[in-house]
Ligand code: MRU
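Given next, in structure tokens, is a single chain: the form predicted on its own.
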């Protein structure tokens, strides 16, 4: 990730401290958040100070490592079970979170009653998870770049770039590789209400990398598809079912329908840690519903430099706020993984899924 030309990861751990980019402040202010306790790190996931499938997974792994470092030796395994419950409860949809907790617990279990070895194994497993995420996303870019036409116009939804993973991202990784290869891609950035991750985060990333782009309202993508100004769609995913159905940020399904109607390729980019082989179809993916106030209010900077919340609906109006929707496999042209591009099908998913 380039932050004013300086290579930076989204989240990392130094000693027992988890450090991350404080994402709600972007694009207006860049700040590193330091978290010293696993409960604080879990809270950062729940409150979306860190968000995005891979970044959530890496942060969950680091939270479990923090718990291992601080757990009492006499009640170590009980404390770790409690920590797992706390981390599991933060976000219900992102598969990478559950994969990370399972991986760290597995590393601990392999050490038997040697508590110091278990602590060391937890930290090593968490570090490996983060490094694996970054490497997988770079590979996604390499596999996806040939799909991007020279001067290709790509539509994306939400944020599936650097900030959603440890580095490189999923949906934006082919774009970044294409940009560095001289292809000069252009990205249509869906605003992505209610938290505006596209307008705030994806646009900020693209500006940092020098990729030409424009932010559009969520309901404008279909217009640009119909008028022939979009060549392809690439989105990320928070969970992929065994049959190829894909859960991603709310509004992805609408984009997929518009792409299908206009004959535009619709790709999903995700590391194989996002695949849930125990989830048969998209109907089995739990869909998180967040606070209605995310719909009823918005945050931003006023002209006098105050970061403030303002209500945008009538005071008596309620809201509904599903954070994700499911795009059926038949609307997905292909899934770009670190192992290559596969079909959104039982066979395609099985060919790359991790055990």
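Numbering follows the first chain given and starts at 1. The model shown is predicted, which means the values in this text are computed figures rather than measured ones.
Here the subject shifts to the form predicted in complex with the ligand, a form of this protein not shown in this document.
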Contact flag, residue 236 vs the ligand in the predicted complex, heavy atom cut 4.5 Å: yes
Any non-hydrogen atom of residue 48 within 4.5 angstroms of the ligand in the predicted complex: yes
In the predicted complex, residue 60 touching the ligand (heavy atom, 4.5 Å): no
Non-hydrogen atom contact residue 170 with the ligand in the predicted complex at 4.5 angstroms: yes
Answer range among 313-321, 34-42, 65-73, 49-57 for contact with the ligand, defined in the predicted complex as heavy atoms within 4.5 Å: 49-57
Contact residue in the predicted complex, from 97, 104, 164, 240 (heavy atom within 4.5 Å of the ligand): 164
One residue of 122, 87, 175, 158 in contact with the ligand, assessed in the predicted complex (non-hydrogen atom, 4.5 angstroms): 158
Sequence-ordered residues of 79-110 touching the ligand in the predicted complex, heavy atom within 4.5 Å: 91
